[in-house]
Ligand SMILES: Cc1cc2nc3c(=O)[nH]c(=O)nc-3n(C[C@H](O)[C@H](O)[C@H](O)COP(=O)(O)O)c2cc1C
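Given as structure tokens, the chain that follows is alone and in the form predicted alone.
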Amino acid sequence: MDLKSFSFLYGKVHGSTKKEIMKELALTEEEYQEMEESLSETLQQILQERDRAKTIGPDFVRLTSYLYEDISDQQKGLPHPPAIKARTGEKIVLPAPDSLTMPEITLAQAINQRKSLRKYSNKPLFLQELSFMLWATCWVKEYHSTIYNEFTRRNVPSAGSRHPMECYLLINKVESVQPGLYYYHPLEHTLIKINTTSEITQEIYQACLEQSMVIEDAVTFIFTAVPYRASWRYQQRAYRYLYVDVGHIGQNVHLAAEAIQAGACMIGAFVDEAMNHCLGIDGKEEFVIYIAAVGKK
């Protein structure tokens, strides 16, 4: 769903008049009618579920208790999901992890000086620094695959080593890398180009509620969740683990940023539907879960 459709639905759900919506979105009468018709089914679903949304938090905690568990797909012998997303495209090879010069900073220093940084200098990240950041957060150091299971080991913990996260990067200022949207392949340790038009940067900025951090930083990390990678083993309780797992990654983003004289700020406020649209994902089998702005101090 693009941001315009989201804004139309938001207005309808929250009581805006037709005139207000048309003015806000600069719609003609014909465009308004087209949107009302094409989004009518979605609007009705939202209206029907609004009361349920009022208790979804407590219900989520209660219904993911082990009391409600069933036999998992893993126990049923169903095929395992891939541990790494298949992706093709133009690639940029990053400096290999074993070639990196590790920053000289103690863990105590990194923890002590860590704080959310929202303003950045114009200095770009070096490619080696980006490689280090990805090594610390998403890189695969062990890959195991059999007919029964497939999993990875990384530098962050994950329930059952399922690692149900993917990483996309909005690159703004990284040495020798064209600005734009990229996918990080954690096994190949490469960037795969997705979209290098100026429009994608603006779309992500708007989807992040116009938080200037995401376009003024050096690079914006966009983490997505692939829930079946975890729910294949843990059923609905896996959705608890998604948020725990991405929190581990977020902390490593902060500590790794400190190590390269940079800073980070985690972002949870974004328009889910619009961010998923920017990445070309469906919002169900894969959805944006967390965002991190990273830039030089």
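Don't overthink the numbering: it's just position in the shown sequence, from 1. Being a predicted model, the structure only gives us computed values, none of them experimental.
Not pictured, yet referred to below: the form predicted in complex with this ligand.
A.B. asks: Can you say which of 99-107, 220-228, 113-121, 196-204 gets within 4.5 Å of this ligand in the model of the complex, counting heavy atoms only?
C.D. replies: Residues of 113-121 come within 4.5 Å of the partner.
A.B. asks: Examine Ala26 and determine whether its closest non-hydrogen atom to this ligand in the model of the complex is within 4.5 angstroms.
C.D. replies: Ala26: no contact with this ligand in the model of the complex.
A.B. asks: So, in the model of the complex, is Phe6 in contact with this ligand at a 4.5 angstroms heavy atom limit?
C.D. replies: Phe6: no contact with this ligand in the model of the complex.
A.B. asks: Test of understanding: in the model of the complex, would Val271 fall inside 4.5 Å of this ligand by heavy atoms?
C.D. replies: Because no heavy atom of Val271 falls inside 4.5 Å of this ligand in the model of the complex, the answer is no.
A.B. asks: Is Ala159 a contact residue for this ligand in the model of the complex, using a 4.5 Å heavy atom cut-off?
C.D. replies: Ala159 lies outside the contact set for this ligand.
A.B. asks: Looking at Gln211, Thr190, Asn155, Asn172, which has any heavy atom no more than 4.5 Å from this ligand in the model of the complex?
C.D. replies: Looking at Gln211, Thr190, Asn155, Asn172 one by one, just Gln211 meets the 4.5 Å heavy-atom criterion.
A.B. asks: Using heavy atoms only and a 4.5 Å cut-off, determine which of Ile249, Ala238, Cys265, Ala262 is in contact with this ligand in the model of the complex.
C.D. replies: For this set of options, the contacting one is Cys265.
A.B. asks: For the stretch 274-297, return the residues whose heavy atoms include at least one within 4.5 Å of this ligand in the model of the complex, in the order they occur.
C.D. replies: Contacts from 274-297: just Tyr290.
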